[in-house]
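The chain below stands alone, shown as structure tokens; this is the form predicted on its own.
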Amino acid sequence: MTIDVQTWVKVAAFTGGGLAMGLGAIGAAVGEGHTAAQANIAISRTPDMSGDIFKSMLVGQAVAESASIFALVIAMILLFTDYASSYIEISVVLSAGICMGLGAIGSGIGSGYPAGAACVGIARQPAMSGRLMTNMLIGSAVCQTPAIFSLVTSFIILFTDFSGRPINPTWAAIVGAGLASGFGGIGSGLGGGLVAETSCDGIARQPETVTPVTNVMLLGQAVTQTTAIYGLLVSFILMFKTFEATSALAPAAALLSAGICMGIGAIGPGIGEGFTARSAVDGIARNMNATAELTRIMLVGQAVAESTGIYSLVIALILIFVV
């Protein structure tokens, strides 16, 4: 049986759409389930606050749902768009789906952490329900940043005209770009959620610490997002740099490996920096007088964890520009 290029493009588009929505549903579902579980625990402790807790649960779940909605958008585009008959288009549609699917996992789960903590916090400290809701929304919104990076990367991959570029090694650069941004968002989304969760918990336990806790939460989350930015940077280089045509496999392997290296290499630092910032936020809620010292230790600890992400970035850049 002979299969033409257009058929392979359709196969890749359907596969990419399935991966985008399939992978993209994981994080949001887990995050929403965690939020609902914590809401049940909170209501069992303080039934009189069930109305406020229920509203907080729904708002938190809505934010966590955002990542899967991004995945749904990409999946629908892949399923119902007619693409050109080109071998490069095969890598384009497949990469876009993988990128968005992977990128939604961390953000979905991470957003569920502060939402669940806010529900429990409202039960513990009803007078702070409004402030807890605000803090939860801010923390959850930051967790969605990596998913947005993946969405942007997927859109650029889908709507950039690669037809004038050589098939090899361009196909590898496109797939590598999707993997760099997709994998790169997992750790940052999870790490940011850990920080925001502890922030909501700290405000509920010690309402007077709301200002320093929120400030350090945002600072800690900002650092956790840096490795996702490295993934985005490598994706942009792979998408926009023009590579010379070649029949050799080594250049394609180098570009594909650059994306894999940066994407997977960003997971650990994002989560590790989240652990560090989470402890600092918890410490400030327990002892506000130690804010300056805890912030300093947090930043130093995060910087050390960040180094592994930088190593991955260096190797990725060497693979692109040197090898």
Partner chain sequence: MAIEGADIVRAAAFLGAGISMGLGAIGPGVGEGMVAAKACEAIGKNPKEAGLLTRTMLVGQAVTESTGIYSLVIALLLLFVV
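Numbering follows the first chain given and starts at 1. Note that the structure is predicted; figures quoted are calculated from it, not measured.
Omitted here: the form predicted together with its partner chain. The next part is about that form.
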Inset, instruction - Quick one: find which of 108-116, 195-203, 242-250, 91-99 has residues within 4.5 Å of its partner chain in the model of the complex by heavy atom distance. - result: 242-250
Legend entry - its partner chain in the model of the complex reached by all of 120, 148 and 178, non-hydrogen atom within 4.5 Å: no
Inset, instruction - Answer yes if any heavy atom of residue 280 is within 4.5 Å of a heavy atom of its partner chain in the model of the complex; otherwise answer no. - result: yes
Inset, instruction - May I ask you to check whether residue 298 falls inside a 4.5 Å heavy atom distance of its partner chain in the model of the complex? - result: yes
Inset, instruction - Although its partner chain is absent from this view, report whether residue 65 comes within 4.5 Å of it in the model of the complex, heavy atoms only. - result: no
Inset, instruction - Spell out, yes or no, whether the shortest heavy atom distance between residue 225 and its partner chain in the model of the complex is within 4.5 Å. - result: no
Legend entry - Stretch 91-125 - residues with a heavy atom within 4.5 Å of its partner chain in the model of the complex: none
